[in-house]
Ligand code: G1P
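The chain that follows stands alone, in the form predicted alone, written as structure tokens.
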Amino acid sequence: MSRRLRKAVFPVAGLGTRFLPATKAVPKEMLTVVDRPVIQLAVEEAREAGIEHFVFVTGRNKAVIEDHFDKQFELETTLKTRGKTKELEMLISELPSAGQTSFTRQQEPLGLGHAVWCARELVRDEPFALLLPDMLIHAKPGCLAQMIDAYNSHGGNIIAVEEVPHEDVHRYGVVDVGPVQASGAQKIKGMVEKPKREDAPSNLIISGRYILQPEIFAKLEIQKPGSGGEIQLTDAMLALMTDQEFHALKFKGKTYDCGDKIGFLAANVAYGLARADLGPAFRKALNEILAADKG
């Protein structure tokens, strides 16, 4: 029987250099998709999936993320005084409860694997979800909820994957998989980081959502630096694969890479069009812009 999943880890220590000068003072995770920071959308995905404890691995100049998930008495008092009941209720409903958030520091930029390892004392001996906030997944139900359904069927470690054109596989981590199982997942036989097209075992790429067993920390503890001189999570997962099963789940949804300017702009368009309160007017505005651009 699989152990219940209660915790999620969010690595948010990156510098966001691709979004300078905006990220000189604002963490890239606080850049907004319509009216919500990217990190809040990732947390909402985890909450929808039943996650109870949110662990943030931060770095320097990221205190605003901690403040965002805290009560703001002056703002709430102002909203109450001005009769902004709807806005006040929204803020209160989206606020994690006391004790549901934890923050730890990654003092040096030593890679994703190292960021995950920094959360070890907060996760301890429990399975956990790992969500990369840059990879925003637009899906209903959310990607992590879909993964937990598969996890409840067979436990183990699960990685969200999606198909890309074969000519793009060299940009991603690619999995080698077996047949589709009853849960919808496929057993992973191997993983390759950024392979040449002719060497790729499939066109299924790792998409920034993971369910991992706590034994990954022991592998990260002894993991030597890999590509770019960083501690690579993929290398540690390959080491753990000799002891535990890994499954890939091809989720239903669309990924937007919000660490990339085009992906970030596309996410704003997709999320804006999906909003019942904004979609029709936004679509009209977009069509007018496109028509003017054609002219």
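Just count from 1 along the sequence shown to find any residue number. Remember, it's a predicted structure, so these values are computed and weren't measured experimentally. Heads up, when I say rigid core I mean the largest set of C-alphas that superpose within 1.5 Å between the two forms.
There is also a form predicted together with the named molecule; it is not shown, and the following applies to it.
Participant: Considering non-hydrogen atoms and a 4.5 Å limit, does the named molecule approach Thr234 in the model of the complex?
Facilitator: Heavy-atom contact with the named molecule at 4.5 Å: present for Thr234.
Participant: Closest heavy atom of Lys194 to the named molecule in the model of the complex, within 4.5 Å or not?
Facilitator: So Lys194 counts as contacting the named molecule.
Participant: Is Leu220 close enough to touch the named molecule in the model of the complex, meaning at least one heavy atom pair within 4.5 Å?
Facilitator: Taking the distances in the model of the complex, the answer for Leu220 is no, it never comes within 4.5 Å of the named molecule.
Participant: So, Gly173 and the named molecule: in the model of the complex, are they within 4.5 Å at any heavy atom pair?
Facilitator: The answer is yes: Gly173 has a heavy atom within 4.5 Å of the named molecule.
Participant: Answer yes or no: in the model of the complex, does the named molecule come within 4.5 Å of a heavy atom in every one of Leu112, Met135 and Gly208?
Facilitator: The answer is yes: all three residues contact the partner (heavy atom, 4.5 Å cut-off).
Participant: Have a look at 68-76, 200-208, 83-91, 115-123 and name the one stretch with heavy atoms inside 4.5 Å of the named molecule in the model of the complex.
Facilitator: Among the candidates, contact is made by 200-208.
Participant: Quick check on Asp168: with the core superposed, does its CA move 2 angstroms or more between this form and the one not shown?
Facilitator: Indeed, Asp168 is displaced by 2 Å or more.
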